[in-house]
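A single chain comes next, written as structure tokens; it is the form predicted alone.
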Amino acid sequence: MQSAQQLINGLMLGGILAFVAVAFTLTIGMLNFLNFTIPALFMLAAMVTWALSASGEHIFALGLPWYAAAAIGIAVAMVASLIIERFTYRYLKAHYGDATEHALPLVSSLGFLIIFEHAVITLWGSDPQRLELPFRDMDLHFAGLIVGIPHLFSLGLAITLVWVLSWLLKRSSIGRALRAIAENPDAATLMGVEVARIVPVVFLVTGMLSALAGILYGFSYSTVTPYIGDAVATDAITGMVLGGLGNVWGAIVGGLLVGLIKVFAISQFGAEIEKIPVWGLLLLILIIRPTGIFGKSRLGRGKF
């Protein structure tokens, strides 16, 4: 019974990690750089949702219904993601061309991560805050097992959104344009793809996925802090690499796998060593199959 409960807990945590892993996968798969602002967007949406839905003396304490606060939190993260796109990709690409590949966007995204974290700390402090759904006690109980509704919703929504993304990437005109950019941005431009208009779509989707993950994480564990993005990001990056760089379904599998490993490691050995089996498996996969479970040999070919 205990093992079955840990299996459920691992899958539920993995559903949230899968959101973040897919967000990382989109930017590294489409634009070929690791976007370190994703944990900041994850945290920002959760903190804005808490601030707007809570009452008290802190700034922006409006006491809004949770769903209104969550909608605003998602919108804030998506706008922030567009700002990040403007200064970590478009501006640097326009001014420095190929010199921006990999290094400059990565470093500038780290700068945004630090700015957002410290802006939130300045506004609301660094103490953990409570974020709860009004129907938190409506967990599902069956055969002695407990399934959290926010966790279950996270898993179902992650799989649904990735299925929609996969369909759009393969069937829609904007999906074909995105895949062309992923293959070769310069060739895509020569073929008439408006890269400057298409790339922001990647950042909008990334912001939405990160925000949803952050809010669901906050509701699932009832606690948000300015640092929640950091710990989740390392697990999501591990899931992305395990599943296969540039493969959105691989990110789902990788996120679920990391969630399972973490939960079973904590239940058997304690929280102190939870990173050892996760990163140990990552190193093993990198040695045996560097492209990950479902990854391709080249980032720019056949990813989606």
Partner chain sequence: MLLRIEQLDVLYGRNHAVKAMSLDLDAGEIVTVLGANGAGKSSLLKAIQGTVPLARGRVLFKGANISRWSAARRVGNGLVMVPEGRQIFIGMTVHENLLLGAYTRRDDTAAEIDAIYERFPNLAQRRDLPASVLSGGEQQMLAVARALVARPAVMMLDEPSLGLSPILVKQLFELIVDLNRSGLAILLVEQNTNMALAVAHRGYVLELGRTVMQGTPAELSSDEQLAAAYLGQA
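Computed from a predicted structure; not experimentally measured. Residue numbers count along the first chain shown, from 1.
The same protein has a further form, the form predicted in complex with the partner chain, not shown here; the description that follows concerns it.
Visitor: Looking at L113, A80, I198, L168, which has any heavy atom no more than 4.5 Å from the partner chain in the predicted complex?
Guide: Contact with the partner chain in the predicted complex is made by I198 alone.
Visitor: Just give me the single entry in T234, N184, T122, T223 that has a non-hydrogen atom within 4.5 angstroms of the partner chain in the predicted complex.
Guide: Answer to the contact question: N184.
Visitor: Can you check 104-112, 168-176, 199-207, 147-155 and let me know which stretch has heavy atoms within 4.5 Å of the partner chain in the predicted complex?
Guide: Stretch with heavy atoms near the partner: 168-176.
Visitor: If we define contact as a non-hydrogen atom of the residue within 4.5 angstroms of the partner, is T189 a contact of the partner chain in the predicted complex?
Guide: Contact check for T189: yes, within 4.5 Å of the partner chain in the predicted complex.
Visitor: Does the partner chain come within 4.5 Å of any heavy atom of E194 in the predicted complex?
Guide: So E194 counts as contacting the partner chain.
Visitor: Is there a non-hydrogen atom of I228 within 4.5 angstroms of a non-hydrogen atom of the partner chain in the predicted complex?
Guide: No, I228 stays farther than 4.5 Å from the partner chain in the predicted complex.
Visitor: With heavy atoms only and a cut-off of 4.5 Å, decide whether A180 touches the partner chain in the predicted complex.
Guide: A180: contacts the partner chain in the predicted complex.
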